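Just one chain is shown here, as structure tokens, and it is the form predicted on its own.
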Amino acid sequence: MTSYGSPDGVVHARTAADVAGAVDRIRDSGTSLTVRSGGHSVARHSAADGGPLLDLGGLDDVRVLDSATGLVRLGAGATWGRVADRLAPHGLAISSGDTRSVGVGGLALGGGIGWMVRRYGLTIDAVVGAEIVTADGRVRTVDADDDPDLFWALRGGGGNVGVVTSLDVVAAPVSTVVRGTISYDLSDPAALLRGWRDHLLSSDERLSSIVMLIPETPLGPAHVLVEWCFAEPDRVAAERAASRLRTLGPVVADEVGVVPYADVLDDRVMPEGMQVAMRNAFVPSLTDACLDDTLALRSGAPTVLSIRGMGGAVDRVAPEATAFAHRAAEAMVVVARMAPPGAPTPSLDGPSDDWDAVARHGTGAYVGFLSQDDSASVAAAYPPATYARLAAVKRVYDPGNLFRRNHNVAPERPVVPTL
């Protein structure tokens, strides 16, 4: 979790009116506005170095509007752990990232890739309405019928078009799931990744899984870890779906159990000041060449490699339906290096690194796992057609680009021919 940084001032919003008031005061000042929900931005978009910071932590209400249909209303400043805890007694859950302390707004506006992604899709795929404050200070209630372009843009647009204060979401009828963790010896990582890939191609979409290569640390030796979640409490069906995972390599540890969905979310918090370099790529096909190029990044500094299975419900939504366009990806490759405060800044651009070799296998990137926010990162997150449509919406609702502390899509500006 990031700190506030060093803002000139902090506005602690508790209502949409508080947000609107802050936007009105800040809009014409010429300063950038930092918006913070959970504070987990690896690109430090939720920490301010100068200028005002708008903290949404007080907008943390979680309400069940209709338990029969699963309709719930989530404050943008609530954490996903709070959401999971509040929905559990109603037998409901939302596929929503990996970590309890991540904020609703920060995760959902970028897409939301969670532990039930293959069964229920992205978090934004369950969003049916939102309350948002636009740059003119107006509080708007939007959905597919009211302000449909704005509703399209906020689902995947990463906060570019306003400050979302609440989301209406249709939760899934899930109370308990089957959760598994398998650790392997790292004797043949290439074969293990290929085996996991082959399993993914034919796996039950109720099963979502991640394979991670963990480097040696003071806490233990290098190893491979597969974490999986079966989006139903049926242990027999889950064991059948996950059985092939146990054949990928020499198993060191194997844990499985039926647990409340809330227990799937990790409660670890990154130490204050931890530095992170992180990149990712959505790949349409996990070819052997892609896996080899990914493994080659382990030759540099200690590196965490993870590959998350996609497909299933994600791919059943049209790519133009939301501002998240990477629907056809088979998987997402994520590479991360970390360093404690005061240590040299971690990098993925060293002489032995070739991230571009991995990126060439992909079609773009996920804003939630990008530590950089340069033009190349923005272009990776938003393909040309998506970028153009986002920019057009931005021109209408934020022509002055007040909301630019993000992977920024600048407003389109007409070119006036000279005579």
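Don't overthink the numbering: it's just position in the shown sequence, from 1. Only a predicted model underlies this, so the values are computations on that prediction, with no experimental measurement involved.
Separately, the form predicted together with a small molecule exists; it is not shown, and the next lines address it.
The closest non-hydrogen atom of Gly159 lies within 4.5 Å of the small molecule in the predicted complex. Within 4.5 Å of any heavy atom of the small molecule in the predicted complex lies no heavy atom of Thr303. Remark: Ile113 counts among the residues lining the small molecule in the predicted complex, judged by a heavy atom distance of 4.5 Å or less.
In the predicted complex, the small molecule lies within 4.5 Å of some heavy atom of Thr99. Listed residues Ile26, Val42, Val64, Ala359 were compared with the small molecule in the predicted complex; Val42 is the one with a heavy atom within 4.5 Å. Comment: the small molecule is not present in this chain, but in the predicted complex one of Ala126, Ala135, Val224, Leu107 has a heavy atom within 4.5 Å of it, namely Leu107. The partner is not drawn, yet in the predicted complex one stretch among 163 to 171, 345 to 353, 213 to 221, 189 to 197 has residues with heavy atoms inside 4.5 Å of the small molecule: 163 to 171.
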